[in-house]
Every structure is written in structure tokens, then in C-alpha cells.
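Just one chain follows, in the form predicted on its own, and it is written as C-alpha cells.
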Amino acid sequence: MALRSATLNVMTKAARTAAVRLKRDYGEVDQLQVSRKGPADYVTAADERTEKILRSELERARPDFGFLMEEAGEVKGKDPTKRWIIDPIDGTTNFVHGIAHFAMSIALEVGGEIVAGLIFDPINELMFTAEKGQGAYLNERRLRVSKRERLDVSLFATGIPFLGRGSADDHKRVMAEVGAVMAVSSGIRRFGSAALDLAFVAAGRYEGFWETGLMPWDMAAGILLVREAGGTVTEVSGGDQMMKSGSILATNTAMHGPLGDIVRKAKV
């Protein structure tokens, strides 16, 4: 692995510090106090606690940086050009149900550009990291996107809306997209964590991932991981405003055109 920067050292330390309590919470998931943010959209005491630990650790190391966080929202820093983008538990519903597929996501945005990203699955000890121009890594092993070039041997991932998320028309559209991709591919996975879906594209486990309706903290670190692993990331439409639109299409180089065409042309 390339020599880890001071920035990544700060991010890694924050994630590992927060993971100590988070793993304990996961082991006691039946005891957690869970409140509802909306239908089928959970926030737990663990979410809030993890976010506070991450913020505290990052603020101690970089006191002038701002924050954009899932639970606490935006916090302006003394330096308006730099901010941390944090999702304390991406895959909260999995967490609440005792499913070991969730992750912390931390990204550093400088001047509107993501320059460092970390996605950490603390239960399975998967630490995905990337810095702009320095490549992407999993536990210090260099990552590359898949080299598969045919749809019929490609595996894709997506997110599917649920109760309270998206309109009836949105649900129909997504099911049409899933049906169109299913018909030509090796399969589709819906594991419930966009951050890990993106990390898995970077690691070559999926050939591509698409979803709409995401928030910046769901995708910020993952965008950089995929790009630094040699992949392509745009909006589903082909634009480059993923963080604003919530739309993302992330693939290896060969599958970007084919997958995008199928998803865009899917008919309800």
C-alpha cells in the first residue's frame, strides 16, 4: 500500500474508535432503544452515538473543518472550503434487524471535491479507503474494478424503495429497471447499504450499481473509491451532479454504457 496520509490516519482512527462501541451495540441489538424517523426508516441510539464519536474524533484532529452528517445535519466550520461528510451507520435497517451488513462512511470534501474516503464494515473488519490520485484499498490491498465486459456474466446491485420512501410510480419504475437488468445479467443484489455496494464495485465484486434518491453521505466516499479503483461514476442520466441529484450509476469501465442504457430505457 502507498504510504497512508495524515488525513487517512485521522479518518481511520476515528472509525476504529467509534467501532468499539458500535460493535458492542450490535451485540446487544435487541436491547437498543429504537425510534422512528419515518415508516420503515429507523434511527437508533447507536446511529447518534456513533456520529457523535466520529465528529468528536475528527473535530479534535481538524478543528476548523465543517461537517455534513446524516443525523445532525450541516455544521459550518471556520474553514468554509473543507468539510467531513459522515454516515454513521449506512444500513441502519440491517443493523436493527441483526444483519451484519452495514458500514460507517466518512469523506473529506475540499472546495466541493471529494479528496478522501473511507467505508468501514466493523463486524467483518473491511476497511475501504481512497485518496484522490492515490488509488483505492481494502485492508491495505490495492483495489481494481472488475474486468468483465459481458452483461450475461455481470453481477449488479441496486436499492429498492420501501414503505414511505418514493411514490407508487417510483416503485414501479425501479421494478421495471430491475426486471430489465435481470433479463440480461448474471443477477442483481439488494443488500441495503449503498456505501458497501459502491465499495464492492471498487473491489470488483459487482460490475455495477445504480440507485436514485440517495443522500450525499450515502455516496460521497463510495464515489471516490470507485473512481480510484478505475471505475466510472455518473448520474443515471450521465451527468456529474450525483451529490445534488441523489442519482448514481457506478460501474467498471465496460459496463457503464450498457447498464446505463438498460436502466434509462426500462419501461413501466
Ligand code: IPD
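Residues carry their position along the shown sequence, with the first being 1. Here the structure is a predicted model, which means the values were calculated and not measured.
The form predicted in complex with ligand IPD exists for this protein as well; it is not shown, and the discussion that follows is about that form.
Contact with ligand IPD in the predicted complex, defined as a heavy atom within 4.5 Å, holds for exactly one of Met104, Ala194, Ala130, Val145, namely Ala194.
Note on contacts: among Met69, Leu214, Val29, Val236, the single residue with a heavy atom within 4.5 Å of ligand IPD in the predicted complex is Leu214. Only one segment in the set 113 to 121, 186 to 194, 73 to 81, 169 to 177 has residues whose heavy atoms sit within 4.5 Å of ligand IPD in the predicted complex; it is 186 to 194. Remark: Ser154 does not count among the residues lining ligand IPD in the predicted complex, judged by a heavy atom distance of 4.5 Å or less. Taking the partner from the other structure, ligand IPD in the predicted complex has no heavy atom within 4.5 Å of any heavy atom of Glu51. Ligand IPD in the predicted complex is not approached by Glu228, whose heavy atoms all lie more than 4.5 angstroms from it. Contacts of stretch 217 to 254 with ligand IPD in the predicted complex, defined by any heavy atom lying within 4.5 Å, are made by Asp218 alone.
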